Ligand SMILES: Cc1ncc(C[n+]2csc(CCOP(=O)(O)OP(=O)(O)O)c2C)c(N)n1
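A single chain, nothing else alongside it, follows as structure tokens in the form predicted on its own.
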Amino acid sequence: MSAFSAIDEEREIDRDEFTPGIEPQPTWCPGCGDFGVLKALKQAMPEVGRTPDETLLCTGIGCSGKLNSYFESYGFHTIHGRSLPVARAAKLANPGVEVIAAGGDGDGYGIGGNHFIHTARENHDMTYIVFNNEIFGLTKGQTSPTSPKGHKSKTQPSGSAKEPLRPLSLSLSAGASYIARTAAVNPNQAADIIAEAIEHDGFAHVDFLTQCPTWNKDAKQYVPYTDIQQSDDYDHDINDRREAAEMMYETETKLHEGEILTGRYYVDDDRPSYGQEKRAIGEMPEEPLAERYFDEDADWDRTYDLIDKHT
């Protein structure tokens, strides 16, 4: 018995299937990098063989949160900073669904920063795309966790006195098993990286540089950029944690010096995902928990059946 008969259906998939009929045209500002994320995501999904019925997109608040309004799939628009816990629960309940979470740099690295750290630490099998434009865009231009030191905004009119958060380095230290950075100005690389992230078994973090021409003109267009996998100037082993850490630090330092580095930084294909770990120790059943909602004969495990009463 399967309550999700669309999962694993073998057929040709067209990217146009991911364009909704109700609200097909995004309303982001002209020149916004968010268009690049949407385009890359639509391009990646047919490559990995997933249909809209097999996909869940969870988003947070902000300009990035509008992504699932313009992307045809199952969607859950969460509150600020909470896309990851919702996405985690969905994936654990039904591992057959392809789960993608998305949020801005304020949403993901600020308000939801604690969820980001622990989702990476636990290595949940999902993809997390962070629209990093170094500003709070929807709320009209406040300083964000990735805004460079000295950046002037409505909340920091004299310039930010804080060093920016280093999202790639934070992701590595927290435990993410796939880490990459791409940019809206490099659509082909972006689509390839998102496809790789989706196919990766574990927590895949994509820091996606998205220019904001309305509220963060300091960031320009994130050009010129260098693909570290294509450049002779950079050569690191993406499977070596120490080399990845050094490359990430250099990338995050050069971003605010005018050199934009993008590419794959770290990949660990051997580490089990959180769901695999839980099933291995018997704390999760092999069949999807979500199936039980549709099976009247299913046996439900209750916490009071598993834990001894206090005496």
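Just so it is clear, the model here is predicted, and its values are computed rather than measured. The numbering used is simple: start at 1 and walk along the sequence shown.
There is another form of this protein, the form predicted in complex with this ligand, and it is not shown here; the text below is about that form.
A.B. asks: From the list 171, 133, 83, 182, which entry has a heavy atom within 4.5 Å of this ligand in the model of the complex?
C.D. replies: When this ligand is considered in the model of the complex, the option within 4.5 Å is 133.
A.B. asks: Using a 4.5 Å heavy atom cut-off, which residue among 247, 267, 61, 255 comes into contact with this ligand in the model of the complex?
C.D. replies: Exactly one listed residue reaches within 4.5 Å, namely 61.
A.B. asks: Residues in which of 98 to 106, 172 to 180, 192 to 200, 117 to 125 have heavy atoms within 4.5 Å of this ligand in the model of the complex?
C.D. replies: Looking at the other structure, the answer is 98 to 106.
A.B. asks: Against this ligand in the model of the complex, would residue 238 count as a contact residue? Criterion: heavy atoms within 4.5 Å.
C.D. replies: No - in the model of the complex, heavy atoms of residue 238 and this ligand never come within 4.5 Å of each other.
A.B. asks: Please check if residue 138 has a heavy atom lying within 4.5 Å of any heavy atom of this ligand in the model of the complex.
C.D. replies: Result yes; residue 138 sits at the interface with this ligand in the model of the complex.
A.B. asks: Heavy atoms within 4.5 Å of this ligand in the model of the complex: does residue 111 have any?
C.D. replies: Residue 111: contacts this ligand in the model of the complex.
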